[in-house]
Structures are given as C-alpha cells and as structure tokens.
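Okay, here we've got a single chain as structure tokens, the form predicted alone, with questions on binding and movement later.
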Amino acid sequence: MHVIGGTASTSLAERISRELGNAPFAIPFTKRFPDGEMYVRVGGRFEGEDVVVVQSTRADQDLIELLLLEDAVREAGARRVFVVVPYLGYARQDRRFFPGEPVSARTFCRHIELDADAVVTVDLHSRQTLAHFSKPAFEASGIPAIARLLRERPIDLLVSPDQGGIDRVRRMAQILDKPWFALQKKRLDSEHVELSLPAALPGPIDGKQVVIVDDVISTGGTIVEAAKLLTKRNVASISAACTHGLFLKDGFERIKAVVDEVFSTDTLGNPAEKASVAPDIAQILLRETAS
C-alpha cells in the first residue's frame, strides 16, 4: 500500500502511513501554470498496488488537487484507490433550503468518488452526507483522538455548546468516565449566539476544570460565549476541543483570550493541532484493504 499526501494534508498523510506499518509515503509535485491552472505529478508506478490519497478540501483549490491526484494514481496503474478526505468542504449545505440552490454536499461526494474505490472522511456535518456516496464511504470519529489527549490532562466536566452535540459529548464522557451537560443555544445571526445553562446540571460546576467539546470551530463565536457563561459560574479552568479547527478571521485569538487551552485534531493545519486522527483512519483502511 502507498500513501500520497496532498498539500492540504501532508502531515496527516505521513502519520497515516506510519500507522499503516510504515507504508511508502510520497508528496506529489505540484505547480501553477501561467494561466493559474494546477499541475500535479505523482512519482513512480503503482501497478497492482493499493493507493491511499489524503487531502482535505477546505478550499476550492484543494478539491481540484484531489481530483487530479485521483486521476494521476489511476493513470499510474493503481489497483484500488482509497480517498481520505479528513475535512470535507461544502458538506454543510446537505439539503436545499431555498429554490435554485445546489446540494453542494451531494455534488462533492459524486465527484470525489468518481476515481475512488472507497472514501473515508472524519466527523461530517451530518451523517446523511454518507448517503450521497454510491461507493463504500466511511466516517471516522475525532472523539477518540481528543479523548486520548484529554486522558493526559486533569478534567472534571465536559460541556457541549449546544443540544446538537449531545451524542458527541456523551460519547466522550463515556470514554473518559466524566460527567457532562449541554448548553441551550439560540442563534442570533451567522456569527452571534445566545447561550444559557440547562435547567438540570450533573452537580456543582464552580471550581471544576471544564472542557467544551465541539465538532467544528469556525469563527469561535459559540465557544467564546460558552466560556464567558462558564466563567461567570466560577469554574477553575476552561479548555476548548474540536475535531475541525477552521478558526476563521481572528477566531483562534478570540478563543485564546477567554480559555486556558485550545485543542483540535490534525484534519486541518492550525495552531491548536494537538491530537491525531491517523490511528482511527488507518484502522478503517486496514479493515477495508483486507477485504
């Protein structure tokens, strides 16, 4: 098995190769033509080999590179192509909200799977997105990676910033054997929310070391408001943990101003990258390549 790391996921791809028993790892050559078009070349031939292509698609150019890499490894003779998209861009538009809109999650799934035998991604916005793939598709979870990290730190309580994250924080709490609760959230606009504590808490929270657990941190607005609310209740410390750390605009700085630590997995390169999903992705790949 060979692992190819796209420019959006080079470090994670190398970690995955190590988890696959030090599988051969390569970084493709890329450049831009004068007209702005992308050029990609993978080295060597892959006749009869399984190839894993790892590339998040946060930006439009990342998707173009991924599609070119898939075609390149097919042209190089790959027997099977396993595409790992740690962060699947455009997945939030998983349905049509207004007439004339595309279902962008469906569109991306259709194009990504064209030259793939199977697709692996991590913590989708909605599990329904998997249904848009006609080929085998699997979703790894970022929860075990964050749990492995948090086991090394003193924590008393886990908090979800909204009701939508209950399953996530409950699973984390089961792994770490810690109490948890979810905040009540009212969205005011795309960047502002209003949060409140639930009617019932698992016990006193003053003096506790708290971790706010989320799947995606974008602008950081929800995390900031959650931290402010918990600070008013005199908790001892606050950390924020997520799978996908986008940290748009000045999101990272805003969060760091109100919490003690910020953790994210390595699906996207960012200053908070401290936990790796490589073991969890590799486990899926090993299972599927053995079949």
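Bear in mind that the values here come from a model prediction, so they are computed numbers and not experimental data. Numbering starts at 1 and runs along the sequence shown.
Although it is not shown, the form predicted together with a small molecule is what the next lines describe.
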Joint contact, Asp162, Ser218 and Gly221 to the small molecule in the model of the complex, by non-hydrogen atom at 4.5 Å: yes
Contact flag, His132 vs the small molecule in the model of the complex, heavy atom cut 4.5 Å: no
Would Arg79 count as touching the small molecule in the model of the complex under a 4.5 Å heavy atom rule? no
Closest heavy atom of Arg153 to the small molecule in the model of the complex, within 4.5 Å or not? no
With the cut-off set at 4.5 Å between non-hydrogen atoms, does Lys186 touch the small molecule in the model of the complex? no
Counting any non-hydrogen atom inside 4.5 Å, which residue from Lys178, Arg171, Arg74, Arg92 sits next to the small molecule in the model of the complex? Arg92
Region of this chain that lies against the small molecule in the model of the complex, out of 210 to 218, 196 to 204, 135 to 143, 103 to 111 [heavy atom, 4.5 Å]: 210 to 218
